[in-house]
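Next up: a single chain in structure tokens, the form predicted alone.
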């Protein structure tokens, strides 16, 4: 799959928590860092996402904030 988004990070799913309509998918991206994505339960099912899967986190945003 080719995408125009440049912010692509490889990682492994460490937790999938489904709610009523959305799920939180936590991805270990290495170095003690994790990224959590909120996606629909349907997306989790369609992609057959499970703990241990290797995935690509794709970040596409119009605003990126930095705090210190």
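Values in this document were obtained by computation on a predicted structure and should not be read as measured data. Positions refer to the first chain, counted from 1.
Omitted here: the form predicted together with a further copy of the same chain. The next part is about that form.
a further copy of the same chain in the model of the complex comes within 4.5 Å of a heavy atom belonging to residue 58. When a further copy of the same chain is considered in the model of the complex, residue 47 lines it closely, a heavy atom lying within 4.5 Å. With a 4.5 Å cutoff on heavy atoms, residue 14 does not count as touching a further copy of the same chain in the model of the complex; it lies far away. Residues of 30-60 placing a heavy atom within 4.5 Å of a further copy of the same chain in the model of the complex, in sequence order: 33, 34, 35, 36, 37, 38, 39, 40, 42, 43, 46, 47, 48, 49, 53, 54, 55, 56, 57, 58, 59, 60.
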